[in-house]
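A single chain comes next, written as structure tokens; it is the form predicted on its own.
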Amino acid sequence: MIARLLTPHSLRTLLPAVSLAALLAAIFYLQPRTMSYFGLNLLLNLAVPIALATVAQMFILCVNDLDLSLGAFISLTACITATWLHDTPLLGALALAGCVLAYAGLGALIHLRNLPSIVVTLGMSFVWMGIAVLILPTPGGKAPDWIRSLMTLKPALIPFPIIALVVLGGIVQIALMRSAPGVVLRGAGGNPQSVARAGWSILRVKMIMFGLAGLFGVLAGMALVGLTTSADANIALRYTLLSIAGVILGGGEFTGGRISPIGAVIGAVTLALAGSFLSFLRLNPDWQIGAQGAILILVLALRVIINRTAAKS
């Protein structure tokens, strides 16, 4: 049994969970009071929108593309949520649905014109940000009551963020990794020629994956507003890099449709907790982003070591 757990494949699978467990243990050691209902709720609250953003980026990476506009897009949806969705719910809902359709159209454009996704999404980041500034020129707005109530739920035994993260990871894992449509969607990233020969439209797959990314980006923006109760055009710009790092930290790769939904959620939680851990160390905020990068590099270095061990064996 122990020998099976120590195989390179098992170690690669367990690495995200082990990294999260080690970080949690360090936080509990530094601040024992966090090992409580209230402490865990406080620690993991902001992990929910980061996890939603990470899952959105995972859909893009699954088809061998990269989205550099995700943070700006989430900021836009947060601004729509805090203004139009609060003041005129129908207009807000239509605007958010339009954002999802725009993302699906972006996937179609990239595929049909064979454009590099990095360039297209980088350009779109300025578009999203410009629209966000037009909607909400200065920080403000207000979260809709139902979103605020949902994000501040306090179930009896388990903090709401833990429930939300488990449900998120479980649903996406089953839909993408355990279903027939999920196999096709992942196959478009791993072997698009075979998928096309089997009669599936790569254009349709790209539109679905970008549309799903847009949907989860909208959910991330709504969740963020539910926690912060307001919005601004720059509220989620750092989510672009956090989402990419979360997918990679969770076992995903930049090519081949190799992703892990549960791993992506774990990676997002690890990055969210890293900020709290560095704060408990009283590290200068100017150094915290660099320290988060160092944690990511350490985990990736361990993965490289495991992969090389697997290749030799």
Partner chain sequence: MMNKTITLTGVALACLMGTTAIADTADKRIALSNNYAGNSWRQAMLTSWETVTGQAVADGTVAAADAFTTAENQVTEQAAQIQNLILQGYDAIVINAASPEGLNGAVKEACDAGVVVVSFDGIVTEPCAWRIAVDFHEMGKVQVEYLATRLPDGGDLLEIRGLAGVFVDDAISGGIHEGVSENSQFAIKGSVHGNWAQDVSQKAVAGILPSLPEIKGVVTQGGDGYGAAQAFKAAGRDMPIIVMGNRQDELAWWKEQKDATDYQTMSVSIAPGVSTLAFWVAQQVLDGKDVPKDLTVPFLTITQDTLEDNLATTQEGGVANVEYSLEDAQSVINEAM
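Positions refer to the first chain, counted from 1. Computed from a predicted model, the values in this text were never measured in an experiment.
Although not depicted, the form predicted together with its partner chain is the subject of the following passage.
Its partner chain is not drawn, but in the predicted bound form it has a heavy atom within 4.5 Å of L227.
A residue is said to contact a partner when one of its heavy atoms sits within 4.5 Å of a partner heavy atom; N45 meets this definition for its partner chain in the predicted bound form. Using a 4.5 angstroms limit between non-hydrogen atoms, N234 touches its partner chain in the predicted bound form. Residue contact check for R204: none of its heavy atoms lie within 4.5 Å of its partner chain in the predicted bound form. Of the candidate stretches 214-222, 167-175, 77-85, 237-245, only 237-245 contains residues with a heavy atom within 4.5 Å of its partner chain in the predicted bound form.
Of the listed positions (G98, G105, P139, P155), a single one reaches within 4.5 angstroms of its partner chain by any non-hydrogen atom in the predicted bound form, namely P139. Residues Q31, R33, T34, F38, G39, L42, L43, N45, L46 are the ones in 24-47 with at least one heavy atom within 4.5 Å of its partner chain in the predicted bound form, listed in sequence order.
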